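Taking the form predicted alone, here's one chain by itself in structure tokens.
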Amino acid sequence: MGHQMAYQSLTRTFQRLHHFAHLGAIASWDQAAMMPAKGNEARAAAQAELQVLMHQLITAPELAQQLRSAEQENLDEAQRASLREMCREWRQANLLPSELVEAKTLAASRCEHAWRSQRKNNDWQGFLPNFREVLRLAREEAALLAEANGVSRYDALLDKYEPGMRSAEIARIFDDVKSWLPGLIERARAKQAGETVIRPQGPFPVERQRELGLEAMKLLGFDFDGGRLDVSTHPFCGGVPEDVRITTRYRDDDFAQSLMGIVHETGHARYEQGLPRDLLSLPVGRARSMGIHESQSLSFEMQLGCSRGFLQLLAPMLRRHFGDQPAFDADNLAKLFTRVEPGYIRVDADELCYPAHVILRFEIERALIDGEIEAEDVPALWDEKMMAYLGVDTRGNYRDGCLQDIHWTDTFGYFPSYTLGAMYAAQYFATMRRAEPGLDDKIGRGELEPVFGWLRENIWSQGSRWSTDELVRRATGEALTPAHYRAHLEARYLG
């Protein structure tokens, strides 16, 4: 292996980084799901220290020479892809001083921890000081990355989650969606106005909801020897591929929220559990982008979970856990899980209204990072866009308005990934159905392996070997296009 000395040395460094990231991920999960409130300051300090340690490791002077040397070594195609991803991580890290990394980690932890009670208390003014500091540091990071990469400040942050994607392209795609989405929402609501829908009668005990969720996870192929289900304020999928932690939240008057949250997070989890095991410690073995990650959760929740075939599987499960009632008829469930009703909350939004929530956030956060607006301007802009896009009045309701998401306590550039993911998922399933015209009948019979097998072969096992565009072209035969997304929504809500 003498001819690959630099590459092998880099591999050992990135394996160390992977092990540190493992510990950080589990500590973050614990902070959100299990940690008592008084542990936050100490946990924030420990996490910040760990981030600084990892930053020092990836910015060590010798890495620059090793990366240059590895470029000259005799590497195969897979190793070249691996080296490309190492270089990408190294470039990103070396543009940020360790003091900024530490300050960002501490500010984010404080902001997120305070947000939990501030959101509950509708306290925008209380949230603002922490938010201003998070925004200030995000802009500082964006400016450093933008100058080095020759892109806008927002594009510099977007690139962390969607490598190679630019906000101009997202704006073009989202403008296309905005041109037909309001009319589609209106037509779907008019069609549904004449339908009779039976609402499930609760209460739905939390323990039975948990059992139902675990049964759904089993049906969806979750590996319980490599992960677990817990509760948190904001549902998420965390941990590491070898130990995937997903969370949900329960309401005893509504089983659907927790159930579909679990189905969604199980999609994320299956992607993590399906990544190439021999490459997990290297950047090339990780998920390609957050849009691709969201495409997995939305393949599970929207394409599969809300399909008529899957709801036929769900109907007897609901009767077993909650007793027999007319609402659990498969045809009624199909109506129930596709109701279109504009509302306040993004995570509770129906499939048709959801992209409006994302577009609103994308437009606000891009303006924030690019300095067109300040933190104080967010509520008024939020109110204006919610009324324009969904006809919903959020004035004075910060809890269900601009305080509802955890993301802006530490992250900018992530929101577009949700709707990009929905578009990728629609494109995947259009491809699957072309290859296997009887796919929906198989789903209704509980034969889900054709879906999982396609995702495993085309997405999960590929890790970050290809650019996002190349991954999608190889999987579906074409670049991302919103046409499949529109066709899917029109078929489901107007067909």
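Keep in mind that what you see is a predicted model, and the values were worked out from it rather than measured. Numbering starts at 1 and runs along the sequence shown.
Same protein, other form: the form predicted together with a further copy of the same chain, not shown, and the subject of what follows.
Engineer: Quick one: in the predicted complex, does every one of 234, 354 and 379 get a heavy atom within 4.5 Å of a further copy of the same chain?
Structural biologist: Per the other structure, none of 234, 354 and 379 touch a further copy of the same chain.
Engineer: Indicate whether residue 23 is a 4.5 Å heavy atom neighbour of a further copy of the same chain in the predicted complex.
Structural biologist: Taking the distances in the predicted complex, the answer for residue 23 is yes, it comes within 4.5 Å of a further copy of the same chain.
Engineer: Given that the partner is absent here, does residue 461 sit within 4.5 Å of a further copy of the same chain in the predicted complex, heavy atoms only?
Structural biologist: Close contact is absent here: in the predicted complex, residue 461 is far from a further copy of the same chain, nothing within 4.5 Å, heavy atoms only.
Engineer: Under a 4.5 Å heavy atom criterion, is residue 180 part of the interface with a further copy of the same chain in the predicted complex?
Structural biologist: So residue 180 does not count as contacting a further copy of the same chain.
Engineer: Against a further copy of the same chain in the predicted complex, would residue 252 count as a contact residue? Criterion: heavy atoms within 4.5 Å.
Structural biologist: No - in the predicted complex, heavy atoms of residue 252 and a further copy of the same chain never come within 4.5 Å of each other.
Engineer: a further copy of the same chain isn't shown here, but in the predicted complex, which of 428 to 436, 62 to 70, 448 to 456, 39 to 47 has heavy atoms within 4.5 Å of it?
Structural biologist: Selected stretch: 39 to 47.
Engineer: Using a 4.5 Å cut on heavy atoms, which of 288, 268, 361, 245 is close to a further copy of the same chain in the predicted complex?
Structural biologist: Checking each option against a further copy of the same chain in the predicted complex, the one that comes within 4.5 Å is 245.
Engineer: So which bits of 201 to 224 sit within 4.5 Å of a further copy of the same chain in the predicted complex, heavy atoms only?
Structural biologist: Result: 223, 224.
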